[in-house]
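The chain that follows stands alone, in the form predicted alone, written as structure tokens.
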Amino acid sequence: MIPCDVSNLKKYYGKNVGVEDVTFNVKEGEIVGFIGPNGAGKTTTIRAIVGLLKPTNGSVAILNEDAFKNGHNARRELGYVSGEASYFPELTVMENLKFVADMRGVSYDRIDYLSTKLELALTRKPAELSLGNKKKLSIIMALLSSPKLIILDEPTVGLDPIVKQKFFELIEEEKKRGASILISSHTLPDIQRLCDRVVIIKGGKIIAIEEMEQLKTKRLKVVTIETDYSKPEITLSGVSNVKTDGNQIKFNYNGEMKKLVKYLNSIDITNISIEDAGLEEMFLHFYE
């Protein structure tokens, strides 16, 4: 079974394209990162997955059920952290969590474990919470029933570094017990830390699906050159993200090394360094 299967998903808002021909999946026990610039279609896709948005065309299946037509059955095994979570404002945090626990048939011991892990006070009302504590409440609600499929939309926004580390530990626990997890985030180091694969979306279309280990071995280079002469215009194919600072020019290069060396030999430079790009630079390379 593929717990989350998105196939040729299209969503139009009138004449405007939300997403077009989006296809990817999340396998059992896998963590998939879903990344892209603002307006790329991440939220539209996620809302279609959790059944909040009817596709214009294509299909979304969660736990072998159509997410929109029959998803009410599968959503019992779905945990979802959205960017705009809803609570019962007149209830305390503990009362909100007990309501979810009772609805899902979960022991209150699970509330104690998760709230202790994330350091969430239970006696206050949601409106009295900081952004970070509201996010903790959303995470606990999503994980409370140990669901088979977990969808996380910007889950670490507002979390301090210590709590973020504890969140990572919880997600790794969920993976070990076999949960399938989709994480949408702009925090690329989080994606690097947690994910087995990344799905990269831009302009409503999937532009790359990469295994994390393979992505780490991509041969994107960061080249820095210095010159005391007039600044050359970098015209070599495969060059991106060119930045100039005084007599220094820095750029990314994705191509054959012999072509890079030949090109650099043709211009006047006084110093040079060539390094492997970090994962964040690799991700940003796909956005360009």
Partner chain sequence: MKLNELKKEQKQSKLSPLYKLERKANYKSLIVFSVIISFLLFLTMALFNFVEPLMAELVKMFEGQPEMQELFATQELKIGTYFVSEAGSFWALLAAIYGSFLGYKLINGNLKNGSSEVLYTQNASRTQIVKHKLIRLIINVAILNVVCGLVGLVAMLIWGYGQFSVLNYLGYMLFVLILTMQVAVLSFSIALLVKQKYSSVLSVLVALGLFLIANLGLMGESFEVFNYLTPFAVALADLIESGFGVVNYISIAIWTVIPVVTLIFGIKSYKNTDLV
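Positions refer to the first chain, counted from 1. This one's a predicted model, so the numbers in the text were calculated from it and none came from an experiment.
Another form exists, predicted in complex with its partner chain; not displayed. Remarks below refer to it.
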{"item": "Heavy atom of Gly41 within 4.5 Å of its partner chain in the model of the complex", "value": "no"}
{"item": "Proximity of Val100 to its partner chain in the model of the complex, heavy atoms at 4.5 Å", "value": "yes"}
{"item": "Contact label in the model of the complex: Glu119 to its partner chain, heavy atom within 4.5 Å", "value": "no"}
{"item": "4.5 Å heavy atom contact, Met141 and its partner chain in the model of the complex", "value": "yes"}
{"item": "Candidate site Arg193, Glu226 and Ser237: all three near its partner chain in the model of the complex by heavy atom within 4.5 Å", "value": "no"}
{"item": "Answer option from Leu129, Met94, Leu170, Leu215, heavy atom within 4.5 Å of its partner chain in the model of the complex", "value": "Met94"}
{"item": "Residue among Leu52, Ala61, Leu260, Leu220 with a heavy atom within 4.5 Å of its partner chain in the model of the complex", "value": "Leu52"}
{"item": "Which of 203 to 211, 79 to 87, 178 to 186, 157 to 165 sits within 4.5 Å of its partner chain in the model of the complex, heavy atom basis", "value": "79 to 87"}
{"item": "Stretch 57 to 75 - residues with a heavy atom within 4.5 Å of its partner chain in the model of the complex", "value": "Phe68, His72, Arg75"}
